[in-house]
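So this first bit is one chain, no partners, the form predicted on its own, shown in structure tokens.
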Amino acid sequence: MLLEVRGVIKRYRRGAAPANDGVDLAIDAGQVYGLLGHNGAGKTTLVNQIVGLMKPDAGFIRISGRDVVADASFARRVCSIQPQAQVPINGLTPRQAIQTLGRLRGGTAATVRSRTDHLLEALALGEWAGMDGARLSGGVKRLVSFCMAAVTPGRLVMLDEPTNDVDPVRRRLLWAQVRALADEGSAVLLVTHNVIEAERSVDRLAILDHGRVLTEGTPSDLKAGVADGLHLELVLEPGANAPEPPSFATSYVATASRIVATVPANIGGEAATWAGNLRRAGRIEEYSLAAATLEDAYVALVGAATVEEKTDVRAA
């Protein structure tokens, strides 16, 4: 086991609710592991403890069997991290920033140059490779930040919301490189609130809510709890009000432009008729009815009210 986290508790001040409340995780080399939860669920707090930026109040964290709470310098040697905040690279070009991090992490000059060229090409960043970092868009900066973590990867690579601000085309290229990191032997800890991307990209995942791990397993494991349900999604006509939840919906989340619901599989026909009537009445543009998704499992676990209040679970 490359990373083992057991019983980790972290409070930011005495008497406050814990940011992490007895977190248990285990990640193997060669695995992409998702840490999924709404903003404020405790994901980044946990990452900061794994890399030794803060100490837990209780529990232990081990990398390759070594206690990184007692030896934070070891954690920083064997982990590479893409932080949630943008890395400041003003005054450097992407190529310079990536190569500098690669060399600081112990890569040889030749290996770092080759690896930098590969990442810039794989993520279609060539046109910005020689541009001053101050002139880059947020999405390009995010990709450069990923390259800085991946150019000389550690045994454990931690990516905190790596796709924020990244365009859809390069997002797909990024996921291919995340997969490549695992295939080449690193363990990858992916921190995200994007349920759709997590389902497509991870081998296993844990769902955090208010600092606690609600469940853990493969995407298929987590969907098993709603396996007898169907995913119903409706796109509202501009300006139309969301319809009242139908009595047959087991979960129902409405935003200004869309509705996502889970319905029992045995009444799929009734659900399709209900949605079809809304479309004929001009209240929705389109609808889809399909097998339950990880998003449905997330809503069922965390609760529709929490999702509506704290995050759009489909946000990019």
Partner chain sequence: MSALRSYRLLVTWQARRMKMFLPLGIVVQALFAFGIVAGYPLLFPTIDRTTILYLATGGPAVSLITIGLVAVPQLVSQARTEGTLDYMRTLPVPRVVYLLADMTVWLAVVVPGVIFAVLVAAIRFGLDLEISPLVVPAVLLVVLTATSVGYALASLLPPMVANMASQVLVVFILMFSPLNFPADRLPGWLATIHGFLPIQAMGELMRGTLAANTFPLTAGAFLLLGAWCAATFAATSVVLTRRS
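Positions refer to the first chain, counted from 1. Quick caveat, the model's predicted, so the values are computed rather than measured.
Below, we turn to the form predicted together with its partner chain, even though it does not appear here.
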Contact assignment for its partner chain in the predicted bound form, among Val202, Ala97, Ala206, Leu119, heavy atom within 4.5 Å
Ala97
Using a 4.5 Å heavy atom cut-off, which residue among Ile284, Ala249, Ile259, Val69 comes into contact with its partner chain in the predicted bound form?
Val69
Using 4.5 Å between non-hydrogen atoms, is Asn90 touching its partner chain in the predicted bound form?
yes
Evaluate Leu53 for contact with its partner chain in the predicted bound form, applying a 4.5 angstroms cut-off between non-hydrogen atoms, and reply yes or no.
yes
Does Gly106 reach its partner chain in the predicted bound form if we count a contact as any heavy atom within 4.5 Å?
yes
4.5 Å heavy atom contact, Ser114 to its partner chain in the predicted bound form:
no
Which single stretch, out of 239-247, 106-114, 120-128, 166-174, brings residue heavy atoms within 4.5 Å of its partner chain in the predicted bound form?
106-114
Listed by sequence position, which residues of 1-25 have a non-hydrogen atom within 4.5 angstroms of its partner chain in the predicted bound form?
Lys10
